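The chain that follows stands alone, in the form predicted on its own, written as structure tokens.
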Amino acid sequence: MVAENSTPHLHSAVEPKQTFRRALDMAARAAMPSLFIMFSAILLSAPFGIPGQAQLQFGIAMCTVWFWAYSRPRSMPALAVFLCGLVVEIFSFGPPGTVLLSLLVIYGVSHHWRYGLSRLGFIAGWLIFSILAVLASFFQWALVCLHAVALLSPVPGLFQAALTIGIYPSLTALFVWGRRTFANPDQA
């Protein structure tokens, strides 16, 4: 009878040697969500003439922060959210500070509730995200009205909320795929 401990076992979870190249690769993979937000903000600031281009800029940033803050918080730390918010602010056309504040609030809610959100199904998470998207769009609309010292039409804010809510499922599918493939910092 052969004892179990007499044969050497190979561990399937062997850590690769930490080299500079590996560290750089891990950092690039972890930065993918932030780079996606920044690239989208810069790309959507160009005058393409796409209807809802400015609202799409906010929607992509909001969806990305929401998903990655609860799904993989190491890939979306608070400092990255702040820097992404600054980049979106620079390339957006809204009142200063509204996108940055909205992204930080979305990050805070998502990061704080990440354990509960990870247990919820997609529909429940989408519903919570939808409520926050409507509140963030209302907040931006209220600040624009305050800045203009007039009661403006809420239609652009409602459009922004609807667009943000509408693109969430497709971006989530993209992010789930990315989380398993190229954006996984633990991948060898």
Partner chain sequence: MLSIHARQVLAKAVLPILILLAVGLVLLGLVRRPAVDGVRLMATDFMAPAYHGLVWPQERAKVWLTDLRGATDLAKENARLREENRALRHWYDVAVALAAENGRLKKSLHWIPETVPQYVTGRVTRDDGGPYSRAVLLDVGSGHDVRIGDVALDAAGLLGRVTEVGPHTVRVLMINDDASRIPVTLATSHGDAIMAGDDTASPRLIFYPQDHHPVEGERVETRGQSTMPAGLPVGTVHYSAPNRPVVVPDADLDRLDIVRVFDYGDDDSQAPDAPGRVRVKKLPQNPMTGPLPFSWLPNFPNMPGRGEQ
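From a predicted model like this one, the values you see are computed outputs, not experimental measurements. Positions refer to the first chain, counted from 1.
Unshown form predicted in complex with the partner chain; subsequent notes refer to it.
With the partner omitted here, the residue from Ile42, Leu35, Ala28, Ala124 that has a non-hydrogen atom within 4.5 angstroms of the partner chain in the predicted bound form is Ile42. Contact check for Pro95: a non-hydrogen atom falls within 4.5 Å of the partner chain in the predicted bound form. Taking the partner from the other structure, the partner chain in the predicted bound form has a heavy atom within 4.5 Å of a heavy atom of Leu100. The partner chain in the predicted bound form comes within 4.5 Å of a heavy atom belonging to Leu143. Interface membership of Val155, defined by any non-hydrogen atom within 4.5 Å of the partner chain in the predicted bound form, is ruled out. Residues within 4.5 angstroms of the partner chain in the predicted bound form, judged by any non-hydrogen atom, belong to 45-53 and to none of the other stretches in 66-74, 115-123, 156-164, 45-53. Residues of 101-138 that come within 4.5 Å of the partner chain in the predicted bound form, judged by any heavy atom, are Leu101, Leu104, Tyr107, Gly108 in sequence order.
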